[in-house]
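The chain below stands alone and is given as structure tokens, in the form predicted alone.
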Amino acid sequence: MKKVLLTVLAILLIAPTFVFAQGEKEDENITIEFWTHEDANRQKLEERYIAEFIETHPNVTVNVTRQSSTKMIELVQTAFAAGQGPTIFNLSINDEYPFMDAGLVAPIDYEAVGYGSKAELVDAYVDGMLDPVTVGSDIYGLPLELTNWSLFINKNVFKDAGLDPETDYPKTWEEMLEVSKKLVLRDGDILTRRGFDFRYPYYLESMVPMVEQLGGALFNEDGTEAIIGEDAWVSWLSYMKNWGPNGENLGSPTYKNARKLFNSNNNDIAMAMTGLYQEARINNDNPDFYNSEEWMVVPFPTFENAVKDVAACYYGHYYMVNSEENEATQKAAWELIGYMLSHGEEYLTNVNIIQPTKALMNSEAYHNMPFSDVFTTDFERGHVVYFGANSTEIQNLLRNAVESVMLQDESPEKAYLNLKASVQELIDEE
């Protein structure tokens, strides 16, 4: 299955032709609460798609709520806990899976999303892409995007620090530390320019792979033991402690997300870890910078003593529908999702996100995107992010461990023991 999965970033993935149902309409007025993470380029498309949908569904009102991806996780959790979850939502699969496990997500209405059967839907997607949202005989979500992260470089900042970005960019985490020391600027202890900083709080996606490089693992093979490989985990936590304000003071979870600063080209961040979608956002936010050839993308680093070559995990954002909505609302929600996802090529060219279907193979659109080869190679080096009933809690426990060594000056050894005990308790309770 992995071999087939690896083709997804080497081809254009276009949703099948969607036959928009314009038959008999429900008389009932329906309101769809649609919650999604912010993306200016995607918003433009979705506003158009929603308007077109409403033209043929005049009884449907769609209210859209957009927040940052981090804030959206909190909002969806809080809303479902209060029994007021949105009609449609999308999160990274590791944050969505607990809602599936709790029975809060409705299975797909195959006809409503434009397919004649489950078999037809499954056949339309690259093998394995629907596995994370399949439980038993039912499928519970459709992927808006498949994403992995590589390293974006601002050449201007490197040059300002007297470095050659083409040769001096970091290939290892040890080099990342040394290069960042040369790139940072400070006002006292406050960083006014960072060389690089991590994707806090996405530890499952970007930091567990660092542990895996050193020979560690989140779980053993049968999933009965957590936080495997003490040396690997302590080494990683030691690296993070040294990175933070109680070490070399190169970055911290308290600073603004590096990815959000990168597009401005304001000499305040040299490197950011992010996905192919960032290219469209650079072009939207700062077209002069986008067209300047003063940025590039390079592979996810490894440790010098790595025993395994692992890149950042790839993950999917899946559209899901609230199972607590009535039947008519669920049907309308799946029809809206199907209509939006029928525009795969437009999502790719305008937003630089990939919907993993098999239609329209070997398109030039993907290959023509800057640095697509880097993302393809890093995809081959990676694996799907961990997802399960407790994935959100594990993400939070990883955050606690990182913040304890970086911000509270706790020893890596103690942080490791606390992390292992906490995650082990979670899986023992399952």
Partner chain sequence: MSKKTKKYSIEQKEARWGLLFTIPCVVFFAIFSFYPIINAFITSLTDAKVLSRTREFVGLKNYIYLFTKDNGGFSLANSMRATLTFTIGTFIPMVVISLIIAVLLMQLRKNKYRGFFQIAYYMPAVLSSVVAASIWMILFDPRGLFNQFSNFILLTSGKDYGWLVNSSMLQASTMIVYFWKYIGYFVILFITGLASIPPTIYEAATVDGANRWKTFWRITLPLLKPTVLLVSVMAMLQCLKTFSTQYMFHQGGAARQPIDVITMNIYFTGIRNGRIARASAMSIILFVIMLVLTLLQFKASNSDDVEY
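Between two forms, the rigid core is the largest collection of C-alphas that superpose within 1.5 Å. These figures come from a predicted structure and were not determined experimentally. Residue numbers count along the first chain shown, from 1.
The form predicted in complex with its partner chain exists for this protein as well; it is not shown, and the discussion that follows is about that form.
Visitor: Looking at 390, 41, 372, 67 here, can you tell me which has any non-hydrogen atom within 4.5 angstroms of its partner chain in the predicted bound form?
Guide: Partner contact (heavy atom, 4.5 Å) among the options: 390.
Visitor: Could you spot which one of 63, 396, 29, 368 gets a heavy atom to within 4.5 Å of its partner chain in the predicted bound form?
Guide: Answer to the contact question: 396.
Visitor: Tell me which of 306-314, 250-258, 214-222, 328-336 has residues with heavy atoms within 4.5 angstroms of its partner chain in the predicted bound form?
Guide: The contacting stretch here is 250-258.
Visitor: Since the partner isn't included here, can you check whether its partner chain sits close to all of 98, 191 and 408 in the predicted bound form (heavy atom within 4.5 Å for each)?
Guide: All three within 4.5 Å in the predicted bound form.
Visitor: Does residue 77 reach its partner chain in the predicted bound form, with heavy atoms at most 4.5 Å apart?
Guide: So residue 77 counts as contacting its partner chain.
Visitor: Within a 4.5 Å heavy atom cut-off, is residue 400 in contact with its partner chain in the predicted bound form?
Guide: Taking the distances in the predicted bound form, the answer for residue 400 is yes, it comes within 4.5 Å of its partner chain.
Visitor: Can you tell me if residue 187 lies within 4.5 angstroms of its partner chain in the predicted bound form, counting non-hydrogen atoms only?
Guide: Result yes; residue 187 sits at the interface with its partner chain in the predicted bound form.
Visitor: Quick one: is residue 102 in contact with its partner chain in the predicted bound form, heavy atoms, 4.5 Å cut-off?
Guide: Flag for residue 102 set to yes.
Visitor: Where, within 226-248, is there a heavy atom within 4.5 Å of its partner chain in the predicted bound form? Residue list please.
Guide: Stretch hits: a single one, 245.
Visitor: Examine residue 285 after superposing the rigid core and state whether its CA is displaced by 2 Å or more between the shown form and the other one.
Guide: Comparing the forms between the shown form and the other one, which are aligned on their rigid core, residue 285 does not shift its C-alpha by 2 Å or more.
Visitor: With both forms fitted on the core, check whether the Cα of residue 323 differs by 2 Å or more between the shown form and the other one.
Guide: Indeed, residue 323 is displaced by 2 Å or more.
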